[in-house]
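Only one chain is included here, represented as structure tokens and corresponding to the form predicted on its own.
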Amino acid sequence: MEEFTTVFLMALLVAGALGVLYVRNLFVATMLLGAVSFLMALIFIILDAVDVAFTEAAVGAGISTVLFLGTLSLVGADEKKSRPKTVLPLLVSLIVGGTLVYATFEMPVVGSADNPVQTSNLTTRFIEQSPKEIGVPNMVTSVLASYRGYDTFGEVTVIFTAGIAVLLILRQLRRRRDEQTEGSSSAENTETGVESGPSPSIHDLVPHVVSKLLIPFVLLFGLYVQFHGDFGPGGGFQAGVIFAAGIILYSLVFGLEYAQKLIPLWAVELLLAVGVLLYGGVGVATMLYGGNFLDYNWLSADPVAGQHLGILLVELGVGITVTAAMLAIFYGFANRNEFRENSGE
């Protein structure tokens, strides 16, 4: 039965991916992409990769779909006519796809006890020693936040860099807008009637009511995922995406102006820095106590308690950074629409 379910989900996955290629309405394509990501999350659950499934559902089916919808509110849902299709892209895709399929023939059988992942001494050590050394029920969290703390810190730094890049682009757009509108009278500016970001409709009663009921639970669930990631699936990455999705949904329904009153751009910039500094600051604190960088054992007299405290703090730093980066990207899209309307494009 499980094999049949997996094959059925894979068939739906392929059908959804092909549908994205052939539909011409971008809104329909966005919905199909969200469905494809959700199907991929279900497949991960069948493969017992619950944390990966959670991430796929939150990022692929969640925040990505919300950002796509926000983009469509700026550019419209009608796809422009594409150039005449050529054979070369299809040929390249077939060659790359065939190479990947051929490479899979050398992979070990799925679920076999002889797989390197099953026989690796490192995997055995994590399984046997993690409950004693880390004391965190969710082994994925112990690996990502403790054993692989350096790697995760690098990932957070990459997200921080992406957020800063978006903010720099946003400032450049504002500078260009100010230069183009310099010298115009206040009356002319008033006549343009520009409203930044996606403009909500006052007649959409159902989205307003549903959002008021749903958004508090989305934010509450984000906090639960943030502070329960050491006991179950979740953590800073998933929680940050969920929390940002709630704020972005609020912006799409009620308007960017109200969202930026709730979390202004200066707060997003501050949170970007705070998240990375919190993560790195935990590592510096462990060094000041006499240990190595990100060695949480030194944070408490009880090494296991130190691990719990360190993981809690670094996961909080991850969640703050991811939330701020997602909001920075969305604010960048929305303010680009403001620049476009002010410049008359």
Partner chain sequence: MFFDHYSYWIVIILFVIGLYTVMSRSNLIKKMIGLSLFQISVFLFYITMGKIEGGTAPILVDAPDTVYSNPLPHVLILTAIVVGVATTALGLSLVVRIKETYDTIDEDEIRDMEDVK
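Keep in mind the model is a prediction, meaning the values are calculated, not measured. Under this definition, the rigid core comprises the largest set of C-alpha atoms superposing within 1.5 Å between the forms. Residue numbers count along the first chain shown, from 1.
A second form of this protein, the form predicted in complex with the partner chain, is not displayed here; the remarks below concern that form.
**Q** Which one, 270 to 278, 248 to 256, 214 to 222, 158 to 166, holds residues whose non-hydrogen atoms are within 4.5 Å of the partner chain in the model of the complex?
**A** It is the stretch 158 to 166.
**Q** Could you confirm whether Phe243 comes within 4.5 Å of the partner chain in the model of the complex, counting heavy atoms only?
**A** Contact check for Phe243: no, nothing within 4.5 Å of the partner chain in the model of the complex.
**Q** Answer for Tyr150 alone: is it within 4.5 Å of the partner chain in the model of the complex, judged on heavy atom distances?
**A** Result no; Tyr150 lies far from the partner chain in the model of the complex.
**Q** Answer yes if any heavy atom of Ser300 is within 4.5 Å of a heavy atom of the partner chain in the model of the complex; otherwise answer no.
**A** Result no; Ser300 lies far from the partner chain in the model of the complex.
**Q** When the contact criterion is heavy atoms within 4.5 Å, does Ser37 count as touching the partner chain in the model of the complex?
**A** Flag for Ser37 set to yes.
**Q** All three of Val210, Met287 and Gln307 touching the partner chain in the model of the complex at 4.5 Å, heavy atom to heavy atom?
**A** No, the whole trio is out of contact, none within 4.5 Å by any heavy atom.
**Q** Does any residue in 55 to 71 get within 4.5 Å of the partner chain in the model of the complex, counting heavy atoms only, and if so which ones?
**A** Stretch hits, in order: Thr55, Glu56, Val59, Ile63, Ser64, Leu67, Phe68, Thr71.
**Q** Once everything's superposed on the core, is Trp298 shifted 2 Å or more at the Cα between the shown form and the other one?
**A** No; Trp298 is a residue whose C-alpha shifts by less than 2 Å between the shown form and the other one when the cores are overlaid.
**Q** Could you check, with the core superposed, whether the Cα atom of Leu313 shifts 2 Å or more between the shown form and the other one?
**A** It does not, since the Leu313 C-alpha is displaced less than 2 Å between the shown form and the other one after the core fit.
**Q** Does Leu9 count as moved between the shown form and the other one, where moved means a C-alpha shift of 2 angstroms or more after fitting the rigid core?
**A** Leu9 C-alpha, core-superposed: shift of less than 2 Å.
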